[in-house]
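Quick setup: one chain, the form predicted alone, written in structure tokens, and binding and motion questions come after.
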């Protein structure tokens, strides 16, 4: 987004380290990664498979806890919030898009979008209206009652994006959102993210596709658990 460099920092990771232990063997996936993202910015995190991209995104977005280091949101540290407060923070402040869509198979497209809204305490009529508006925005107003199994991969990902943005999160974290899509569907998903960003939505996206990373305001490259 033009002028994003003039906006305040919305989320900042400082010296994140993530170490896994398996049968006494230590594997350090992140080795002190730091990143600041400004409000309205579209940042692409890139690197080879195994570079630590998704691991870093999960720490930065409170889906996992770093071994050491800290994450700040609007200047306040959120790394060590109690579990219930972290869950509420994720629900109200953040939006997520995953490569496997992560839709609930038993719920319709509309109900998948409504679920987090109802968890926030929104009334059923308002949640239904918001879901309908969200599906219309992504061109799927005729798929309201379709289960995920009745949608193509591209349609499922667009529903996932609608679910991620309907509650107006401060930031969207997208982990390889086009990984399982054909080129046509991938372009539709990227176009949707770009449109959201032009309207002021902050986005941090992990991708291994150079052509998609080039659409972001800034590319951050990871290699062997470090920014290069």
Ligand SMILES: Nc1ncnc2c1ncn2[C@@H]1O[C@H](COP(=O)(O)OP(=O)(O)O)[C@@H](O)[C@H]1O
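Numbering follows the first chain given and starts at 1. Predicted, not measured: the structure shown is a model, and the values here were computed from it.
The same protein also exists as the form predicted in complex with this ligand; that form is not shown, yet it is the one meant from here on.
With a 4.5 Å cutoff on heavy atoms, residue 165 does not count as touching this ligand in the model of the complex; it lies far away. By the criterion of a heavy atom within 4.5 Å, residue 40 is excluded from the residues contacting this ligand in the model of the complex.
Residue contact check for residue 66: none of its heavy atoms lie within 4.5 Å of this ligand in the model of the complex. Contact annotation: residue 198 falls outside 4.5 Å of this ligand in the model of the complex, judged by heavy atom distances. Screening 31-39, 182-190, 45-53, 166-174 for residues having heavy atoms within 4.5 Å of this ligand in the model of the complex returns a single hit, 45-53.
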